[in-house]
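Listed next as C-alpha cells is one chain, alone, in the form predicted on its own.
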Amino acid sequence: MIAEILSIGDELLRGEIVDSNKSFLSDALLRIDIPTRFQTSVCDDPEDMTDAFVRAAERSDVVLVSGGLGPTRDDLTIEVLARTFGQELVLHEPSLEAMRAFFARFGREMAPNNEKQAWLPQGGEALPNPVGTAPGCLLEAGGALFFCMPGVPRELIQMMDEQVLPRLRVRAQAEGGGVTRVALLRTFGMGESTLDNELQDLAHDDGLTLGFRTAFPDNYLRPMAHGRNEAEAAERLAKLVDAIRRRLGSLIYGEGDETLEQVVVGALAAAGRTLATAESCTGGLVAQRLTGVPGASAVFRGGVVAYANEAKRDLLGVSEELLEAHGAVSGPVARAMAEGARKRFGADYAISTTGISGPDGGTDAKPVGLVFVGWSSQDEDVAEELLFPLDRARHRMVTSQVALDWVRRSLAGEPRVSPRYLGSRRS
C-alpha cells in the first residue's frame, strides 16, 4: 500500500503555521508498514483541491487529508471531495446530534453554520470526533481510500489513533507484503556528510535502508529493515543498529525520543551522583533543560546564572585577580566557575559555560562565537576553548549541548570531545 498525505489550508501556504501533522501522520503510517510516498499542501481553492484529489487517487492507495472540515465558508474539503468523485452530500444525523451535545456540554448554543459539518458524501463513513465538532470521513473513491480529518492536531491525533489506524491495520494485513521496522539513533558531534561517509558500507542489502536527518545541533540516523514477517524484520534491524553502534560508539547518545538531558539525568541517577551548573552565556539554558526532565530533583543540586563579573565573583568565588588577568571569557574563569558551583552546592560534578554569543562584544583576540566550557569534579578541573561561528540562538543551544554531552561522556568514562563539524581550540 502506498500512502499520500494531503494538507489543506491557505494558512499553510502563507507560512502562518508549521504543518506538524505531516510528520505525525507519516510516522504513524510507517509503524503499520505503510510507506508515505507523497506529501502535498494545497490552498482553499476548489480547483486546486480537485486537482490534488484526482492526482492522489491516481498514484496512492491511501490518502490522509487534514484540514478544511470546519464550519466557515473556506472549509471546503468534504464538499469538493464529494463533487470530485460524483457523490451527493447527505445529512448524517448522528454527527449532527453529537455536535449539538458537544455545544450543550459547554452551555453554548450551536451556530446554524455548524450543521454544514454533518453533511457527508453519500457512501462515506463518518469518523467520530470526541474532542471537536467536525466528524471525520472515510470515502473510497477513484481507487483510493480517503480519510478526511480535522487540521487541529489534538483532534487529528485522537481520530488517527482511534478511527484511522485500526481500519488501516486490517487493510495492511490483508494486503500482505511483509513487515518494516524502523529505529531512530540520535548523534551529536559529527556532521551529516561525515556520518554518511563513516557508514557508507552499511545498509546496502535488499530491504535495508539508512536515512539521515539534521535537527540542530544533532544528526539523526533512521535505519530501516524489511522482512517477510515481524521476527525477520526485527532481527535484521537489530543487526543493522548493532553495526552502526559499533562503528560510531559514543557519538550515539540516545535512541527514539530520548533527549540528551534525559540521558544525562538517567546516567547521574544510575551512578548515584549529583550535578551543579554555573552559566554565563547560556543564561540558565543547561539548568532549564535538566529540570525539564522528571526526576531531575534527585540529581540536580542547583545552578547559578553569573552573567556579570560581580556575580561570578560573589556567587561562585571567582577571584578578582583571575577576572582581571584573563577576562570573563577564558579557560581559567570557566574552571573557577565550575569549581565554585560544585563546592557551593555540594555536588559531585559541575559544568560551566562562559562565552560571546554575539552579535556584538567580540574582539580580534576573542571573536564572537568564542566559548569556554568548564568541568569540575573532586579529581579534576578542566576547560576547553571552542569557537562556534553561529547566530546567538544556535550558539547558546550548541553550547548547552556540549555541556550536557560532557556530563554524559564523563559518567561513561569517555573522552570529553567537542563537535567535529565546528571549530575547537583546547585551553
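This is a predicted model, so every value here is computed, not measured. From 1 onward, residues are counted along the sequence shown.
From this point on, the text means the form predicted together with another copy of the chain, which you will not see here.
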| query | finding |
| --- | --- |
| Location of another copy of the chain contact in the predicted bound form, chosen stretch of 78-86, 128-136, 91-99, 344-352 [non-hydrogen atom, 4.5 Å] | 344-352 |
| V293, L208, L322, I252 - the one with a heavy atom within 4.5 Å of another copy of the chain in the predicted bound form | V293 |
| Among the candidates P217, G151, G303, P332, the residue which, in the predicted bound form, approaches another copy of the chain to within 4.5 Å (heavy atoms) | G303 |
| Whether T194, R247 and S418 all lie within 4.5 angstroms of another copy of the chain in the predicted bound form by heavy atom | no |
| Partner contact for G15 in the predicted bound form: another copy of the chain, 4.5 angstroms, heavy atom | yes |
| Non-hydrogen atom contact F103 with another copy of the chain in the predicted bound form at 4.5 angstroms | no |
| Partner proximity in the predicted bound form: R59 to another copy of the chain, non-hydrogen atom cutoff 4.5 Å | yes |
| Interface membership of I157, another copy of the chain in the predicted bound form, 4.5 Å heavy atom rule | no |
| Members of 66-103 lying within 4.5 angstroms of another copy of the chain, judged by heavy atom, in the predicted bound form | none |
